[in-house]
Ligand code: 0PR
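The data below hold one chain only, encoded as structure tokens and taken in the form predicted alone.
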Amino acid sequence: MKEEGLSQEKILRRINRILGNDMNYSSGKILGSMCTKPLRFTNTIYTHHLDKNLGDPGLWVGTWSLERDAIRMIGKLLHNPEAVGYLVTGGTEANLIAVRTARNHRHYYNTKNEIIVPESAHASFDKAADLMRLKIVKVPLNEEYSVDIEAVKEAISPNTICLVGIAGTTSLGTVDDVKALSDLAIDNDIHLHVDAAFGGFVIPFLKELGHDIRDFDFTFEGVRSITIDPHKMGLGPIPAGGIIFRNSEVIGTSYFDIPYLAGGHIRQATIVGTRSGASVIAMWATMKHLGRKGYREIVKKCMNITNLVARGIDEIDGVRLVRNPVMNVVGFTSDVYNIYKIDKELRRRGWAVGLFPDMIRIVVMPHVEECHVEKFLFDLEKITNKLVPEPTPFHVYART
């Protein structure tokens, strides 16, 4: 920082020049992200309320009331109008809160605490285990790439404090058998947390559109908490994650008492202190504006384009789908070509895809249009036509 500041004009020119290196959603070339561009209406509201901090809700009583209403709307979407919770920074914080809540429930002083997660679980559970000194037990997947329930049953021990199910895996968008996990959680009196960071704003609307997809939410008695990210398919601003509990009793001893705030004494169970009021207001407005009909239309469009991607990949020699899409996520691989070389060539042409061991992932978010997919498939076919047959050097994503 220099002694004399720059003019606003110079700063804006510099920002525009530097940010010219960023990708943008409107290009249609971001195919590997689970985030998207918020509505213009959402952005306008967000920028008008940047000063509001829900870490001190006594100063922002109206904003706090909007968060309570937003949680009620999300709770109703997840079949529990009585749910409680918070809008937080994202899925990672939400999953950390859930695991901490499970740990605090009965086993706070047990140094051998374990959590059981599928191999498909998000890296945030590894972070939770690391931060809280928990043992993380990863169980294999079945032929559908969802968690193997028998393996979960065998892994449960007296030290197990939390079972985790995924509703919309990061890799393939698959949904675990939450009903079976719920039965196990009830039988063993264990906290069941469902990570629906991606699927939470997809699955309910797929079901309303008539798709045959598993239930995952508070419909099942054993589910005590759910992660759902409004800044993914909820079209909210970044950051806007969500942690939803069945009721306040589940939170139990996980509240922090903060007496010194200007707005007065409060109790909250979040990890971070300062929380964006702007994200809350913008997300509340987005849900009110779109309604269930608006979200159904968005999900329907994404699924139509997802099916276009899947059909197109099926028609290209040398590549194949890992499995039929469950939601707007497509994974493909190759038994002929090196998948890492395909990824490299796609990136050289400007495509930002998701690369997993042995697989490339496409996420069809609302910013992706049919014309973008047609260009992608054209480039993919050109790449495979030029590559020399060479199998991928190792195969670690294969189901077990």
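All values reported here derive from a predicted model rather than from experimental measurement. All residue numbers are counted from 1 along the displayed sequence.
In what follows, reference is made to the form predicted in complex with this ligand, a form of this protein that is not presented.
For the marked spot (M34, T92 and K232), a heavy atom within 4.5 Å of this ligand in the predicted bound form is present in each of the three residues.
Proximity to this ligand in the predicted bound form, taken as a non-hydrogen atom within 4.5 angstroms, holds for one residue of V178, V117, A197, I203, which is A197. Screening S124, N188, S254, N80 for any heavy atom within 4.5 Å of this ligand in the predicted bound form leaves a single hit, S124. Contact annotation for N159: none of its heavy atoms lies within 4.5 Å of this ligand in the predicted bound form. For T170, a non-hydrogen atom is located within 4.5 Å of this ligand in the predicted bound form, even though that partner is not displayed.
For K375, no non-hydrogen atom is located within 4.5 Å of this ligand in the predicted bound form, even though that partner is not displayed. Taking non-hydrogen atoms only, R361 approaches this ligand to within 4.5 angstroms in the predicted bound form. Of the candidate stretches 315 to 323, 84 to 92, 178 to 186, 139 to 147, only 84 to 92 has residues with heavy atoms within 4.5 Å of this ligand in the predicted bound form.
Contacts between 340 to 360 and this ligand, taken as any heavy atom within 4.5 Å in the predicted bound form, involve no residue at all.
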